[in-house]
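Single chain ahead, written as C-alpha cells, the form predicted on its own.
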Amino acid sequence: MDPRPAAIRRRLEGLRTLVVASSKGGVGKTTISVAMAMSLRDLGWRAGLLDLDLTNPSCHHLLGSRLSGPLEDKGLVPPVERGIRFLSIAQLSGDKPLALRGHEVDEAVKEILAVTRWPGVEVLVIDTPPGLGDEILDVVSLVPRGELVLVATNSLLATTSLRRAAEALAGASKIAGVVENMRRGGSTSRVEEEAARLGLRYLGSVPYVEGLDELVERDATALERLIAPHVAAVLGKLGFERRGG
C-alpha cells in the first residue's frame, strides 16, 4: 500500500488550502496565485505558496524568488521568501527543463506533497498547471479539504474552458468560486454569466494591466501594488479578513 496519501493528509492537517486552477492557459492563473499569497501575507495570515507546475514553473519569477533550496528537516521545509513560505520544482531542478511522462508526473506530485512540511503556515496556495492533467487530478484527490479557485478571462474560449473545468471537477473537490482576470471594464461579463449558469460563486475581478510582465521585471513590487489589492477583495469573500491593526 502506498503510504504517501496518509502522509499528505498529516502534512496538510490544519491548513486551509486554496487550489488555483484553469483548464485553459494564458488566463493569468499564476499571477492570481502569487498575488493571493502576497495578499494573505499583507492581511496578516501566514501564507505558503506551492508551484505544482512541474514542467513550466514560473511563480518564482513573479515572487522575485532567489530560488533558495529547501531545508531538509524530517522532510523538505520550503524557505521563506518575501514573507511567504515557498516551494517550486525550479528550486529542486535548478530551473532546468523537466520533461515528465504521465506516471512520472503522478509520482512527482505525490512525493512533493508527502515530503514537504509547512511549519507555521496557515493558508497554502497551490498553483497548478493549465489543463485537467495529472497535477490537478492528483491535488483534488489527495489534498484534504482543498478549495478550488477557478480563473478565467472574458473570452469565449476561456469561459468555455471554465465550464469544462467546473463540470470535470464538480464532486471531486469543493469549488470555492471563480475569479475573473484581466477584466477591461463593462457592467457584466461572460465570466459572471457563466459562473451564474454553473451555480458557482463569482468572487470578483482583477483588472487588465497593460504591460504587466514588463512592469514586474522592472519593479519587484509591481504585482503587490497593482494586482494584490484586487485579489485581497476576492480573499475577503473567502473569509480572509485583515488581522490586527
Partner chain sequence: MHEWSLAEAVVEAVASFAREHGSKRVKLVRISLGELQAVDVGIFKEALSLLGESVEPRIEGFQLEREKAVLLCRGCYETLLLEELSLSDEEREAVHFVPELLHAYAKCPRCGSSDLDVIRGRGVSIKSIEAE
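Values in this document were obtained by computation on a predicted structure and should not be read as measured data. Positions refer to the first chain, counted from 1.
What comes next is about the form predicted together with its partner chain, which is not displayed.
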Quiz prompt | 166, 132, 143, 114 - the one with a heavy atom within 4.5 Å of its partner chain in the predicted complex | solution = 114
Quiz prompt | Contact assignment for its partner chain in the predicted complex, among 150, 121, 126, 89, heavy atom within 4.5 Å | solution = 89
Quiz item: Is residue 80 close to its partner chain in the predicted complex, meaning a heavy atom pair under 4.5 Å apart or at it?
Solution: no
Quiz prompt | residue 107, heavy atom within 4.5 angstroms of its partner chain in the predicted complex | solution = yes
Quiz prompt | Partner proximity in the predicted complex: residue 76 to its partner chain, non-hydrogen atom cutoff 4.5 Å | solution = yes
Quiz item: Heavy atoms within 4.5 Å of its partner chain in the predicted complex: does residue 7 have any?
Solution: yes
Quiz item: In sequence order, which positions of 75-104 have a non-hydrogen atom within 4.5 Å of its partner chain in the predicted complex?
Solution: 75, 76, 89, 92, 93, 94, 96, 97, 98, 99, 100, 101, 103, 104
